[in-house]
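So this first bit is one chain, no partners, the form predicted alone, shown in structure tokens.
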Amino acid sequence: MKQYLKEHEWSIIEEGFNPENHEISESIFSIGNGHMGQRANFEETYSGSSLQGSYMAGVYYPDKTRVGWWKNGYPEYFAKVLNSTNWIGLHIVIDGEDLDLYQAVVSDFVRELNMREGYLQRSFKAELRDGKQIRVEATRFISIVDKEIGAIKYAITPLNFDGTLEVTSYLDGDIKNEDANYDEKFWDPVHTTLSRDRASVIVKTKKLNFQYCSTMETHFYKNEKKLDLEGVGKEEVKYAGVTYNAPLVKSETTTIYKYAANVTNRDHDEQQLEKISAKELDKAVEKGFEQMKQEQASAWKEKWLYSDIVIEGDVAAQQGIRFNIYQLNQTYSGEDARLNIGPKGFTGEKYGGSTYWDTEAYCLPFYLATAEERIPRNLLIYRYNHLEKAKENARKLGFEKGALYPMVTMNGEESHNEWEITFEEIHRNGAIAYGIYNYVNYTGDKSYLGEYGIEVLAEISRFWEERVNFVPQKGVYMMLGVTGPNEYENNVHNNWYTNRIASWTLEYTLYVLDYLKDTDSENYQKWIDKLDLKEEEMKKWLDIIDKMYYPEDKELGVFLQQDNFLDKELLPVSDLDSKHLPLNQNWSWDRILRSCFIKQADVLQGLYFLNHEFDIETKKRNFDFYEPMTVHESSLSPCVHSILACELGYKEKAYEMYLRTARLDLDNYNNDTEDGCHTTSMAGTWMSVVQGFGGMKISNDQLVLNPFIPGQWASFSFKVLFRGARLMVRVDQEEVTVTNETDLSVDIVIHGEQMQLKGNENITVTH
């Protein structure tokens, strides 16, 4: 754990510059708008360790798979989110010396991510080799109003000298992905244009022909008066820069404004990219930096209106939850059904930037409760649009029917190349089905089932039907050779969670078919015909449901993570010397696989998803058994444990797990934040507060609240959108108050008491 950031309710603040923390900060201070994003790289030259990263959602490269031993069924490529044209570049030269914070003596350094208004700013003093001192103040943002625009304000003040300033404002498309499997560059040049104040660079991917056009314009001001400087252009392959010279006068500030428009042929005709980027840039320049910054603040105010969580009495917890909400809101806007949520968002390259089961399992609840219904619906539509590819994935693995959704994807094809995950971590299919259930259960939008949902559910159920095998001598169906959510166990038999989520999917699919038959017989028959769904097949599903095998130990009263789990030496994590942690950075894979230690919630993942199916004692026995052996080395683990601990009344454990998920990246718990933030798990932080401490569930079409408040907090509050009503829930040490901020009445249950909350009224209940 590495704590170096100042605690603040609305900002992430780094005081003092330590190069050892720089790549961590580049991740944490990242900015984005759902359409594009960027790590917190410096605008000026930095010769120290850095991961330059500018990313455009949906633009990817099929990097050839790199494995030691090729196996049938492996995907041919691993999808990489592309590190794209660096549009922020300002090469600053002062009296012939480059400004480089790795070489200069740096003081008064402050870097701040203002989450309330959505911008990144930085200030510092730098002493150059010859003793010259300057002060720099830099601010930039990626607009959530004008989604293809980024803007920079960069102010330089000489403190003890007069001199000359040379600035090259540039676009650099000659970029390399750090995670390239074969160290190749993924971009080819297309076209470069230079003029006095403007430059454009168009590049295209070597495969798939994604074309990316960046156009920039740069202005200079001295004491708020615009300077008329003559720019000198420089053009290289995939690079365009314009160099300006200006005098520096002691104590007088020179301010550089740089605007960039970034457009791609995902959204526009590739023949028109340069013209469109110029048009977008014109609008930005006409508005100017300050107007755009004000519009940014207003737009973020609207986002916070729906999604903010307020915690009183605990600044670290407050900062943590807002940081997580901020990153989620700047990663996915829901406006484009072609897009999804990568595990690192726009903060890094690890995991390829692709879509995982994280979206349905962890992210969907956040967008269900904080955004208009169409936005989480688009997450489901994304998977529906990939259904044919999911069928192809199943065929590639030798299945004759059904759909297997990929573990990792950009376009629906599997692009993950570790066999124990690609072939065996098939529980991901259950998360897709659960996402449909969760959406319908929360929104009440049952129309989705007849439009899209039943087709996805039926094809997933067909996969499970073929994946199980019947064991005649035992009279049960089993699931052999799988990997559960706990990836510290590979190729096991009968992972309890996988077996249960498979059987549950069959149950839910049959339920939906019955619902359609009863409510829309014509549509029901349409799907029966389209899917060629026979009575014998549905009877087979019922047989699997009835005879599915679930490993458990009756004496202990726990579900076994998989067959033979009790053959392991069972030890709590507390018995390990801290030098062994994290295990994945200190132990061999062989040692990890033989140990009892659990990467993340596995059995407990099932108890979280299917919470309504198990009584409190069953949850308690399983939690008490598995949590002590869990190392939480997946970012997705602490939130599930926090939510279950809340339900079980384990207040200190719930708070411990909450802090771990809320400050996972801010405090670098797993020693890997430099690779990028754990964006999808950030939704788990929201879940820990709303579903955990807030005790929020949906039961019988009603919103249920069973809140409790950690002793460290004076109060907490959150807002949820439920069936059209926006509710604000405030919990303090004595009572819970729910305020309806809309005209719609809503039925709710608080601490077991059912009541109707009328429009624009509130209800208060004591604990």
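Don't overthink the numbering: it's just position in the shown sequence, from 1. Nothing here was measured: the structure is a model prediction, and the numbers come from that model.
In what follows, reference is made to the form predicted together with beta-D-glucopyranose (BGC), a form of this protein that is not presented.
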beta-D-glucopyranose (BGC) contact at P343 in the predicted bound form, heavy atom, 4.5 Å: yes
Are any of the heavy atoms in Q600 no more than 4.5 Å from a heavy atom of beta-D-glucopyranose (BGC) in the predicted bound form? yes
Any non-hydrogen atom of T680 within 4.5 angstroms of beta-D-glucopyranose (BGC) in the predicted bound form: yes
With the cut-off set at 4.5 Å between non-hydrogen atoms, does L328 touch beta-D-glucopyranose (BGC) in the predicted bound form? no
Which one of W300, Y244, F565, Y356 is close to beta-D-glucopyranose (BGC) in the predicted bound form, taking close to mean a heavy atom within 4.5 Å? Y356
Which one of F289, Y351, Y655, F366 is close to beta-D-glucopyranose (BGC) in the predicted bound form, taking close to mean a heavy atom within 4.5 Å? Y351
Using a 4.5 Å heavy atom cut-off, indicate which stretch of 263-271, 379-387, 102-110, 356-364 touches beta-D-glucopyranose (BGC) in the predicted bound form. 356-364
For the stretch 623-652, return the residues whose heavy atoms include at least one within 4.5 Å of beta-D-glucopyranose (BGC) in the predicted bound form, in the order they occur. S634, L636
